[in-house]
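Just one chain is shown here, as structure tokens, and it is the form predicted alone.
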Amino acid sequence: MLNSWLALPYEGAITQLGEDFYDVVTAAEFPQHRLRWRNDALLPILGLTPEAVSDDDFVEAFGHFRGAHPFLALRYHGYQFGHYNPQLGDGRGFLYGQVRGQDGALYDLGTKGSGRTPYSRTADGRLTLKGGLREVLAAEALHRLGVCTSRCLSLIETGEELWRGDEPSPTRSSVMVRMQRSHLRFGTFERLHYLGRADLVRRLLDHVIDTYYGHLPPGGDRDGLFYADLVQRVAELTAHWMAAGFCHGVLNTDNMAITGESFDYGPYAFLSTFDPRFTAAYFDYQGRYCFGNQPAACYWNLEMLQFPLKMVMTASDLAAGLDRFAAHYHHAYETRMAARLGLEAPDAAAIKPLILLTLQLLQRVPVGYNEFFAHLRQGYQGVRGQTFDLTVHLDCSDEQLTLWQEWHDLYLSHLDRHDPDRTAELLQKFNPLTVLGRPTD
């Protein structure tokens, strides 16, 4: 039978941009192919049924890398920890193909750990099995928390021994395939600014708007509308990370997708306790990308993106778009935090005092960040005037008990004004009972 992956009608949207944007590469050959993960939930989006796609189909397509279409290592630069780096690009992965989903959207299938490329520098182009599993877990966890994220389509163990300084070595190798709307990054534009190619910025911007922002109305102001839309997407994404207690770890501009999706999960972590200073990346010595700095980091990345965009856009349009970041962020954060508390209101700011008091409580009472919300979910009985006995599980001082009682009274005053069934639904949707721990947990 024909392999369903090889029979998909792949499109060449990136190749139509021209050879200035990529290098054609060859996948590595591996001594072993053992399918460790297949994401059957994604198959219907591509018009496939899990029953029609065998494990061998996954291995043939995404382990042996059969297929007639070219594999493309994308070119980009980026700001890494605030410093511009012109020596980036896809160093251990490539764009396997682009395919139209049943929803009409174009999706990228991109690899990670598939071998060396012209941008590998001194690296081996491989991915550890642990790194691949962590990305699978991060993407699925965030997806279920309502975060706009890439998803892992497959993970195949490849039978090599790798040496890494941050894992017990030798460690096992793998190759992963990621599915998302686009692998084009802020750094894709930044490279063109570095090269002084306004013509290519214009070509890329038109491609991005036509392909991923087709909902924008036609007219001369589409550029400004695009940037304003991107600002809103990034602000909302960051707000949803913060509400979920998720620390990405490395928010360089080459890790920012032009579609506003969350992707490329390396040293990420979900908070154990509410600590704005928590840093997920062991090599982030100054805490640039600590949990509490994520909104500022994403704002700065959007600001840096203005340099290439100014080559073809007006500064006033860019400034107007970025000026809305804070408003978008706060609205999204308050709405999502309200949902985690089981509350829903037309004006999320109406419960802002409760959110602020909740954060104060989480900082001062010895309870885990997501553990706290899980207790709310488990303790909710759907009755008016109910009480929560979370403190019986904690060793609290008198001062902490007083703060707890203040929060408890304010929370119930809001809870009693909301529909119990809707509260129960929100508590279950946004408060998982199991949350991934830190890398050392």
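From a predicted model like this one, the values you see are computed outputs, not experimental measurements. Numbers for residues come from their place in the sequence shown, where the first is 1.
There is another form of the same protein, the form predicted together with a small molecule; it is not shown, and what comes next is about it.
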Open item on the list: Just checking whether Ser120 would be counted as a contact of the small molecule in the predicted bound form - the rule being heavy atoms within 4.5 angstroms.
Closed with: yes
TODO: Give a yes or no for Arg164: in the predicted bound form, does one of its heavy atoms lie within 4.5 Å of a heavy atom belonging to the small molecule?
DONE: yes
Open item on the list: Against the small molecule in the predicted bound form, would Asp254 count as a contact residue? Criterion: heavy atoms within 4.5 Å.
Closed with: yes
- [ ] Give a yes or no for Arg336: in the predicted bound form, does one of its heavy atoms lie within 4.5 Å of a heavy atom belonging to the small molecule?
- [x] no
TODO: May I ask whether Thr279, Gly292 and His330 all come within 4.5 angstroms of the small molecule in the predicted bound form, judged by heavy atoms?
DONE: no
Open item on the list: Using a 4.5 Å heavy atom cut-off, which residue among Phe226, Tyr268, Tyr96, Tyr76 comes into contact with the small molecule in the predicted bound form?
Closed with: Tyr76
Task: Residue (of Leu204, Leu129, Leu88, Leu72) lying close to the small molecule in the predicted bound form, criterion heavy atoms within 4.5 Å - done: Leu88
TODO: Work out which of the listed stretches, 238 to 246, 292 to 300, 210 to 218, 76 to 84, brings a heavy atom within 4.5 angstroms of the small molecule in the predicted bound form.
DONE: 76 to 84
